[in-house]
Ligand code: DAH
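Heads up, the chain below is alone and in the form predicted alone; it's given as structure tokens.
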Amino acid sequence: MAHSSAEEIRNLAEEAEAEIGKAASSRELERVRVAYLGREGKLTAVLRGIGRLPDEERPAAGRAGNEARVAVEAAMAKRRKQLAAQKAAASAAEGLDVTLPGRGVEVGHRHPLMTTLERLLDIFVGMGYTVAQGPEVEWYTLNWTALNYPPDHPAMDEQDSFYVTDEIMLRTQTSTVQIRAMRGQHDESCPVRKLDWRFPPQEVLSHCRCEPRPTRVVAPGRTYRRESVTLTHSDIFHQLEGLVVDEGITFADLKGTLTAFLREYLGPETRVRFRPDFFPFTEPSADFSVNCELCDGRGCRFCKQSGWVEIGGSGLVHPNVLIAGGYDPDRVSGLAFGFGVERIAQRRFGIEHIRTLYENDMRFLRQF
């Protein structure tokens, strides 16, 4: 609408109040509300046009807009009470049939995403892992520098990540818990335990005065990235991170761990594929995939016609990351892996679109 004069706003408010008075049911009243006060409603559209009025007309139009909205909402509330009273009176007139069966109470249950996460943790705990946690609002140093990201890595850009300040951000991965978990294995008296999280990661090892214990943890949590929503991607998603640091850890341990885990969760017939990849915090690195459940490897829209669904990334922990955790890379090695919980849930329950997990559609949720 080109203009939103005070007179137009008052006329539209009177029109809305007239329709509200004619509404004969709650459904009709809701239709009127959406038609005038909804996101694309008539009154909403007029109010948006106030900003385009000349300066001398804008104050009067603004006052008229506020008065119109208040008047329409008051009329809505009044009519809603009238309809409720009419319905109560009609029910009382009809009487109460005490022979009718009572209404059952629906019992809530766990969301499929949470049951998936709990099952994943059960498997890893059974494999000897402990569960570690970390904050979702994290230090820039732990999210990037301590994980061996170069200063010019594109993932650090504001169009890819959410920043609170220059030093604080919403974590883009649960890999940040790796550093916290490794430093937590040092003795209480070791200076590494007392270092500020912003301390240069490459200098952490020089402050170690103990023999840190081996690390074997899984870290579940919510992560945030600036991504477009697709079948398998979302800007907010859950991730599960795994880390093992000890003497003699090899890539064979990594492949065996992930294959055993995936077949335990998805079934013994699950096929697992590893392909070379690159991640700053692991070397060598590999992504791992499983055969697509929806098409059984024939190719479909969900697996992008490849027959495989990528689950996550993995590799041997980079020496620089071990140093940031206070471990000597000449004495120990480690494996790490991470994957999206939503993708595992999609694969397990045959859910095509990740968005289905967040829509709170009761028709979907009642299936679990």
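The first residue of the shown sequence is 1; numbering continues from there. If you're wondering where the values come from, they're calculated on a predicted model, not measured in any experiment.
There is another form of the same protein, the form predicted in complex with the named molecule; it is not shown, and what comes next is about it.
Segment assignment from 63-71, 50-58, 24-32, 330-338: heavy atom within 4.5 Å of the named molecule in the predicted bound form: Selected range: 330-338.
Contact test in the predicted bound form: T282 vs the named molecule, heavy atoms, 4.5 Å: Close contact exists here: in the predicted bound form, T282 approaches the named molecule to within 4.5 Å, heavy atoms only.
Residue contact check: E241 to the named molecule in the predicted bound form, 4.5 Å heavy atom: Result yes; E241 sits at the interface with the named molecule in the predicted bound form.
Q159, heavy atom within 4.5 angstroms of the named molecule in the predicted bound form: Taking the distances in the predicted bound form, the answer for Q159 is yes, it comes within 4.5 Å of the named molecule.
4.5 Å heavy atom contact, T116 and the named molecule in the predicted bound form: Result no; T116 lies far from the named molecule in the predicted bound form.
Listed residue that, although the named molecule is not shown, lies within 4.5 Å of it in the predicted bound form (heavy atoms), from R225, R213, R271, H233: If I apply the 4.5 Å criterion carefully, the residue I get is R225.
In the predicted bound form, the one of T145, Q173, S289, Q185 near the named molecule [non-hydrogen atom within 4.5 angstroms]: Looking at the other structure, the residue within range turns out to be Q173.
Residues from 177-206 in contact with the named molecule (non-hydrogen atom within 4.5 Å) in the predicted bound form: Going through 177-206 in order - heavy atoms within 4.5 Å of the named molecule in the predicted bound form - there is one hit, Q178.
Inter-Cα distance between T165 and A155 in the predicted bound form, nearer or further [3 Å or more]: Farther apart, by at least 3 Å.
Relative Cα spacing, Y149 and E158, in the predicted bound form - shift of 3 Å or more: Relative to this form, closer in the predicted bound form.
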